[in-house]
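In the block that follows, a single chain appears as structure tokens, in the form predicted alone.
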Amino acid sequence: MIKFGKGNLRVPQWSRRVFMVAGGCTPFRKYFPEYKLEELVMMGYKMMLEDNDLKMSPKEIKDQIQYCAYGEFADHFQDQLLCEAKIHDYLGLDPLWNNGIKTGGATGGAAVLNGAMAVASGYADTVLVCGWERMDEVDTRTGNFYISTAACKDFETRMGRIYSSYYAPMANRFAEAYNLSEVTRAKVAVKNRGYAMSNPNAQQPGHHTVEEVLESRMSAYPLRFLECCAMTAGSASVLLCNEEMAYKLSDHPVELFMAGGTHTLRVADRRHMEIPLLPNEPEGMYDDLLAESGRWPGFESFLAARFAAYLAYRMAGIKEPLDELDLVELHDAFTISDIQTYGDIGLRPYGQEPDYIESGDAYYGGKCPSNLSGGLLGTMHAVGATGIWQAAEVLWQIQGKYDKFHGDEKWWQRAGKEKPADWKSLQVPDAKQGLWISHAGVGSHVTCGILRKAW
């Protein structure tokens, strides 16, 4: 058993408060042949500067930026090393310092955390966080191989060189341990792909039924195609500031709290550890579960997600996540990874994760709705952009701008789509606080970000 040392669970203390004031993104598609990568990034960057009701002109805002954090999962896709330098140049931000961030599927979240630490430390007052991926430069088989190499090449990669085959054994084990039915998994796909119908940027929206999900083609047993996200091209940006700049730029700034955790790539070789308890979990709460299973996190849970939430909740002073969060955006690359995370971040105690879906709490109108954006299943997983776009979706919900960025005909026209006649607003009434999870690989890196209304 691995035990934490005395200082391992120290809660991060930022020297300055950090705020998010604006976000932007592109539509997300399988292919984007009409744009170069630089143009694709510029599209999301311009949306962030021009369409977020900021109180300075785009040029004045650009003149305030002192640091940039760029997220890109893999150089392989566009065959361009140091892509960050090229993007930085085309955005006209030389000679400001920039960092390229790569943490697999959590690259976007890690870029936000990197930018936040630059503000919190005093290195910068205004930071651009931008991420992208254009997986359309290679065929799907090659892309899946590139993605699969983000698992351990000595262990998991040999299981099939496709990520669904890494999550399939976790889905089988979770079903056996915690009585998870395939119907509950299918409900996650139905919910998230259905919410994507209201998002003009969504790649794979759809009004599906549970039966359609369960009858869709098998990817890796028991995960079916409609339970897996797709390869995507796109970009996203957010603007972070210190307190003074946040109120100069926006009448509706949102405060950011954020932390991360990591864990081994060797899923089948995870060593038993004590469970870091969330603020609402009393000592001894999991004694029976551990006595029965004999180990944690096992195949069922993600230590990195639990560790990130353990720190982030304490940074934000959150005691009861389900009561205090108005919405969450989770990393539903697969239905099972979405469900596994419910226990890690305290939406349900470990062992009771399926109830978050079955109770209705996860739905719009429920206690704490999840993935109203459509999630990765319905909208996208342009890896380097994902954790940044999720943050923008939570930001817009708290600012009351869901309809502005999802319902305006302008965005449907930009995406080349017709707004559905049955389009539905998914704005959470009076949203004050939301969370998003950015998750890598088989749980190797996870960030937990919390945004809170600050006006």
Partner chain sequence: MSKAYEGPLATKFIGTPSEIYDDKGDFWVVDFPRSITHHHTYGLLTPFFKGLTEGKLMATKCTNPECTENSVWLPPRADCPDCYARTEWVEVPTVGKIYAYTMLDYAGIGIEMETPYWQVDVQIEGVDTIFKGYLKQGKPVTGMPVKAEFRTENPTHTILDVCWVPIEG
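Numbering follows the first chain given and starts at 1. Owing to the predicted nature of the structure, the values given are computational and were not obtained by experimental measurement.
Keep in mind that the form predicted together with its partner chain is missing from the display, and what follows is about it.
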item	value
Distance check, residue 34 to its partner chain in the model of the complex, heavy atom within 4.5 Å	yes
Contact label in the model of the complex: residue 90 to its partner chain, heavy atom within 4.5 Å	no
Contact test in the model of the complex: residue 144 vs its partner chain, heavy atoms, 4.5 Å	yes
4.5 angstroms heavy atom contact with its partner chain in the model of the complex for residue 276	no
Contact residue in the model of the complex, from 208, 173, 102, 187 (heavy atom within 4.5 Å of its partner chain)	173
Heavy atom within 4.5 Å of its partner chain in the model of the complex - the one residue of 181, 149, 140, 359 that qualifies	140
Heavy atom contact within 4.5 Å of its partner chain in the model of the complex, the stretch among 397-405, 25-33, 44-52, 415-423	25-33
Contacts with its partner chain in the model of the complex, stretch 162-177 (heavy atom within 4.5 Å)	162, 165, 166, 168, 169, 172, 173, 176
